[in-house]
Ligand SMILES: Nc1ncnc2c1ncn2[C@@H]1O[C@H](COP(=O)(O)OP(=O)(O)OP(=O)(O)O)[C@@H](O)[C@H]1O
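One chain follows as structure tokens, the form predicted alone.
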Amino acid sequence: MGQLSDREHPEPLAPSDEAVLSADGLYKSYRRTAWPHSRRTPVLQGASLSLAPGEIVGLVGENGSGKSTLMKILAGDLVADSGTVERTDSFGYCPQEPVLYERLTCDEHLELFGAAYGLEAADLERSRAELYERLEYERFADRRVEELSGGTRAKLNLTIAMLHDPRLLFLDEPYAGFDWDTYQRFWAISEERRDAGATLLVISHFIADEERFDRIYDLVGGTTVQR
């Protein structure tokens, strides 16, 4: 849990013993400096949401609305100015821009992150083989990232987030680089994981298939509004 400042924010969410993530009253602004003046630009102004086990939740907002800022705060990559975040320790994060090492192969990435997750060799091999097959890019296992297309990099980015089968998945524009076939594969994997009890938060600037989501939040004016 991250307890921040006492700045005022909207009425707290009702507590849930089952929630895998509960974020309440998140504020974030950035300092913009232009000589001779500087000012703070608000991005989040009381954003709150709660995620239960076994659901796919969408978070939708226009470009520049603060979606990625909110995702980074939820994942622990960024500190909010005020508000609280509670979440399970078992989570995976698929950022919008893949964080990959150009001179490492796909296999080397998965071995590196498997070690970071503390996976046993057998569990790593099982998960790696499954995701290679499901996302259909096993033939690139020994290719360096610098040799991969944008779509294959996006597959590797997603695989890293899912490798340790986390209870909670943060997915920031996860299918932006996918073709139609990979898009369908992504949803098949996501729905299976949801049905097995995992929770997925999918952030996007638009949602075409609303029926795939259990709930959807809109991020407007720095606050979250459930549809």
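All residue numbers refer to positions in the sequence shown, first residue = 1. Computed from a prediction, not measured in an experiment: that's the story for all the values here.
The discussion below concerns the form predicted in complex with the named molecule, not included here.
Peer 1: In the model of the complex, do Ala75, Asp77 and Pro95 all reach within 4.5 Å of the named molecule through at least one heavy atom apiece?
Peer 2: No, the candidate spot makes no contact with the named molecule.
Peer 1: Can you work out whether His205 and the named molecule are in contact in the model of the complex, taking contact to mean some heavy atom pair no more than 4.5 Å apart?
Peer 2: So His205 counts as contacting the named molecule.
Peer 1: Taking the shortest heavy atom distance, is Pro174 within 4.5 Å of the named molecule in the model of the complex?
Peer 2: So Pro174 does not count as contacting the named molecule.
Peer 1: Is Glu62 near the named molecule? Define near as a heavy atom within 4.5 Å, in the model of the complex.
Peer 2: Yes.
Peer 1: Is Gly66 part of the interface with the named molecule in the model of the complex - any heavy atom within 4.5 Å?
Peer 2: Flag for Gly66 set to yes.
Peer 1: With the named molecule left out of view, which of Leu168, Leu51, Val43, Leu163 would have a heavy atom within 4.5 Å of it in the model of the complex?
Peer 2: None of the others qualify; the residue that does is Val43.
Peer 1: If we take heavy atoms and a 4.5 Å cut-off, which stretch out of 67 to 75, 121 to 129, 103 to 111, 150 to 158 is in contact with the named molecule in the model of the complex?
Peer 2: Checking each option against the 4.5 Å cut-off leaves 67 to 75.
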